[in-house]
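Given next, in structure tokens, is a single chain: the form predicted on its own.
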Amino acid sequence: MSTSPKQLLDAFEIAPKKSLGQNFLHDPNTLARIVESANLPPDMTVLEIGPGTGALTVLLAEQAARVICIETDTRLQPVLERQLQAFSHVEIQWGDFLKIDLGALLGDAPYYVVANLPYYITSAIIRKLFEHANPPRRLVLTVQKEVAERILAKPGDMSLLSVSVQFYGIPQWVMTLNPAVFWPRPDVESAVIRIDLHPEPNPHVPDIPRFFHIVRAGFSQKRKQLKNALAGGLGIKATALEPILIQAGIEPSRRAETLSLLEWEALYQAFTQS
């Protein structure tokens, strides 16, 4: 079976769509390292979002008990059917991942996610997976390098994305990718990251939507001091917020990107007590 996406797509007279972020990962060594970094148990179900021409899917199918692919571009159906014809334990679901019912698809079974994500909806995909009633145990994702750096950021450079990911799991850098491992070559650099989810979100907060309501408000006005950003985001006077911040042990003049997860937890607790 060919792993050359250009050869496969040419055979079926299919052109990549920029609007779908179609940059197909094809380098055999890179694909092998991605699967190796997932450290798949033999009985594991794997969810792949955007299988494209199936190069990664084939390697996953050789190791996983069940592979579920979600692909929105139905033009790729003959390509994937050809590539995956030897694997009866691979299922292809056609549709927009953001609209698919994961509960109906996966039930309560444990699963991993291994995927070369469409870069334009990376954050939305991650958010849907984390907020699902049965989130994955592990994710190995190919993402834009800049997004990977944001996900792994430390206090001083935090963002809503890094707080969200690190709230649910432990991210680590797997490798940086040369644009030449894709066809067509993307205009941006890429990276592979692995995220191992906590059994329970950490820090533990009883009301997760309220926690993130506060965090989103803190990041709502990037260049403002935390007390002013929170005031605007929550509709509370800045003077009323100062004692809450001080109770949490946070200087009101700090900015949201400097706070650690534990400090966001302390701020949530101070809001709850007030």
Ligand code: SAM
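The first residue of the sequence shown is number 1, and the count goes up from there. Being a predicted model, the structure only gives us computed values, none of them experimental.
One more form of this protein exists, namely the form predicted in complex with the named molecule; it is left out here, but the text below deals with it.
is_contact(residue 50, the named molecule) in the model of the complex, heavy atom dist at most 4.5 Å:
Within the cut-off, so yes.
Should residue 95 be counted as a contact of the named molecule in the model of the complex, where contact means heavy atoms within 4.5 Å?
Residue 95 belongs to the contact set for the named molecule.
Interface membership of residue 72, the named molecule in the model of the complex, 4.5 Å heavy atom rule:
Contact with the named molecule, yes.
May I ask you to check whether residue 259 falls inside a 4.5 Å heavy atom distance of the named molecule in the model of the complex?
Outside the cut-off, so no.
Looking at the named molecule in the model of the complex, is some heavy atom of each of 21, 25 and 116 within 4.5 Å of it?
Every residue of the candidate spot has a heavy atom within 4.5 Å of the named molecule in the model of the complex.
I need to confirm a contact call. Of 139, 143, 76, 163, which residue comes within 4.5 Å of the named molecule in the model of the complex, counting heavy atoms only?
Contact with the named molecule in the model of the complex is made by 76 alone.
State the residue from 106, 121, 129, 147 whose non-hydrogen atoms include one within 4.5 Å of the named molecule in the model of the complex.
It is 121 that has a heavy atom within 4.5 Å of the partner.
Tell me, please, which stretch of 231-239, 207-215, 63-71, 244-252 lies within 4.5 angstroms of the named molecule in the model of the complex when heavy atoms are compared?
Careful reading of the contacts points to 63-71.
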